[in-house]
Ligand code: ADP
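Encoded as structure tokens, the following chain is the form predicted alone, with no partner shown.
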Amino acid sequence: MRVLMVAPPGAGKGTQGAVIATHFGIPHIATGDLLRDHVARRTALGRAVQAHLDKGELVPDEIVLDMVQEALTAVAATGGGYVLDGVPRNMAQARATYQIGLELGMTADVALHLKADDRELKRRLLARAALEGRSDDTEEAIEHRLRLYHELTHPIVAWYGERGILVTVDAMRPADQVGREILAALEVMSSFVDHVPEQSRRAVDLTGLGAAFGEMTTDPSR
């Protein structure tokens, strides 16, 4: 199973990515972790990343994509799947990631979209900032990150929907309920993704099933 995550900050992307990776026994490729690892090891990529961070600049797409290509190449050598978390963040990254996948024979089977309300996301991020003592996660900073998501990242959702690989899940519920629904959907999809071409698939929206799914999982006898 090859999954990429599309979600706003605070929707639980890292948590659910780890759950998926553990369940299917596949690597969890988190670009934030890759960045920190390269910086810590002072690789050529890491030094380039640090140079931009020292200037207070965003890490350019080409550097992030180089790391993604390196990670996916390593996965391709084992013939396994992956969960890609943190990329793409804009349409250029989405198209470039797709091209990398095509070249490696490793295009995503599922684009998992975690959908959540901005008010709930802001509440979660402010609570996390208070718990972790993160003074940089102010209300103003969080609102800016959410605006960037809607402007740059959210348009990718429609593109994945057109490709027929989009699965949308309601992320407004407790993480364990969201995780169970995701795994159930991916288990079903894993049985046919290798046999049904993208152009024959349709986007899947599970957001309307949240309450019913929660009731079912809390009482297995029903």
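Heads up: residue numbers just count along the shown sequence, starting at 1. The term rigid core refers to the maximal set of C-alpha atoms that superpose within 1.5 Å between the two forms. These figures come from a predicted structure and were not determined experimentally.
Beyond what is shown, the protein has a form predicted together with the named molecule; the following relates to that form.
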Residue 31, heavy atom within 4.5 angstroms of the named molecule in the model of the complex: yes
Residue 13: touches the named molecule in the model of the complex, heavy atom cutoff 4.5 angstroms: yes
Any non-hydrogen atom of residue 58 within 4.5 angstroms of the named molecule in the model of the complex: yes
Non-hydrogen atom contact residue 35 with the named molecule in the model of the complex at 4.5 angstroms: yes
Interface stretch in the model of the complex with the named molecule - options 70-78, 100-108, 84-92, 114-122, non-hydrogen atom within 4.5 Å: 84-92
The named molecule in the model of the complex: contacted by all of 17, 150 and 180, heavy atom 4.5 Å: no
Selected contact from 188, 175, 158, 53, since only one has a non-hydrogen atom within 4.5 angstroms of the named molecule in the model of the complex: 53
Heavy atom contacts to the named molecule in the model of the complex at 4.5 Å, residues of 137-153 in sequence order: 145
Rigid-core frame, C-alpha of residue 167, shift of 2 angstroms or more between the shown form and the other one: no
Core superposition between the shown form and the other one, C-alpha change of residue 45 at least 2 Å: yes
Residue pair residue 105, residue 45 - Cα distance in the model of the complex, closer or farther (3 Å or more): farther
CA-CA separation of residue 146 and residue 49, closer or farther in the model of the complex than in the form shown [shift of 3 angstroms or more]: closer
